[in-house]
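The chain below stands alone and is given in structure tokens; this is the form predicted alone.
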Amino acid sequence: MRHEPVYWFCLIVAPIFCLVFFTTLMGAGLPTEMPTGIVDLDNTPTTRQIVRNLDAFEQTKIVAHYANVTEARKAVQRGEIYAYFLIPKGTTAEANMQHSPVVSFYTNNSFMVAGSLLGRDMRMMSELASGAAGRKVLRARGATDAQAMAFLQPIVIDTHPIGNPWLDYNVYLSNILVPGILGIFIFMLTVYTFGYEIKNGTGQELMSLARGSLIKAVSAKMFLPTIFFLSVGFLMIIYFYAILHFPCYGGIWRMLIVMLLYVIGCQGMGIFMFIVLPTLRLSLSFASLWGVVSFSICGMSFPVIAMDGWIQGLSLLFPLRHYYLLYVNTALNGYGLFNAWPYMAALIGFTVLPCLFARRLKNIISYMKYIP
């Protein structure tokens, strides 16, 4: 480890860099003041008020007014704005006559987050403008404000996002992205640790130093990486919940236990990867692929219950899936760890999985020849 910089890069430098990078990148919670354009063909006091109200939204910043749709479309294609709001000529007059004018908004959904957030703001602005026009007409007919609002919005929606009421992207993403990246480094470094012995032809020397005991050989090789990975993992938990104050209703100590199980579970999975593909090149490719797919299949970005049945079963083979479920159970819902004991058992299962193939692992270390 002293002579191989890759150890220190994977053990300390890269995980801590990713921790700081992602949490500071999304430190504001949500992207704000995203550039938006306006095509106001009506240009009346009413439409100018609509534009001012839209600009007041936190995520939206009106950066330019365009004379026509073609100019706005070209600005979107050049990447100058993420969206534009179109108010046709005669909108105010049609609204005053209750003729249901049509306003349009266009978003660049190549940028999914920016497009969806700006689309939400512009849709809300359209609904508010429609309600304001309707209230104006009702007032002219003698209705009070209370009567007008009861007619325009008979049912009031009160939204309570559970677990992340601030809709903070830092809370939503960093809690899984950073441990997921840590898992990739654990997979790859574990595979590299044993593949390095095969590459240099020192497997028999390792077994000789361990006096033929596979348990001693594996324990000696994994002892220091385990200490470092656990230290970085515990640092992540403390940074998330004690410094950044991410929601953790079950207590930090429970999440420390979850991180402990996750780290040793990833290490067990990494050893199993090496057993399946003892060639260093192939096992490293296997480890990186398995780690990257974890983000898509753990349920963070797309619900697992909405996937095909065989993919739902496949998701159980990824340690990050069980870490995610334990995080939701413990940090967000505040339940005890034993409320989610199957996921704890799964991580323990990953840890002891190489024991089922101990003889093959011993033969690989002792007799395997390096294949470039």
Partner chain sequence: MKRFLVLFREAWRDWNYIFQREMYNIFHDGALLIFFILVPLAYPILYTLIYNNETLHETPIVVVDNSKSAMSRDYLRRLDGTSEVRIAGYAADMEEAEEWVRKRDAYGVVVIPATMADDIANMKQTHVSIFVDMGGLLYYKTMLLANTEVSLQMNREIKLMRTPGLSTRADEQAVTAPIRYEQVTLFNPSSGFAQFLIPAVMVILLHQTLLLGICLSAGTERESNKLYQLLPVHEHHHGLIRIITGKGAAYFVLYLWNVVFCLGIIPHVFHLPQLSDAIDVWAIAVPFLLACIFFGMTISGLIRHRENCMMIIVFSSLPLLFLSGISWPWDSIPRFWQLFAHIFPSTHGVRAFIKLNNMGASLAEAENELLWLWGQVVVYAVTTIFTYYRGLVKIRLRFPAHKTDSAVRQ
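For clarity, every value in this text was computed on a predicted model and none was experimentally measured. Numbering follows the first chain given and starts at 1.
Omitted from view is the form predicted together with its partner chain, to which the following refers.
A heavy atom within 4.5 Å of its partner chain in the predicted complex is found for one listed residue only; from L261, M255, A95, M273, this is A95. Interface residue among A217, I237, M188, M269 relative to its partner chain in the predicted complex, by the heavy atom within 4.5 Å criterion: M188.
Using a 4.5 angstroms limit between non-hydrogen atoms, M344 is distant from its partner chain in the predicted complex. Interface membership of P45, defined by any non-hydrogen atom within 4.5 Å of its partner chain in the predicted complex, is ruled out.
Under a 4.5 angstroms non-hydrogen atom cutoff, its partner chain in the predicted complex lacks K221 among its neighbouring residues. With a 4.5 Å cutoff on heavy atoms, A331 does not count as touching its partner chain in the predicted complex; it lies far away. Per the 4.5 Å heavy atom criterion, its partner chain in the predicted complex is contacted by stretch 116 to 124, the sole one of 116 to 124, 203 to 211, 261 to 269, 225 to 233. With contact defined as any non-hydrogen atom lying within 4.5 angstroms of its partner chain in the predicted complex, the contacting residues in 167 to 205 are L167, Y169, Y172, L173, L177, I181, I184, F185, M188, L189, Y192, Y196, K199, given in sequence order.
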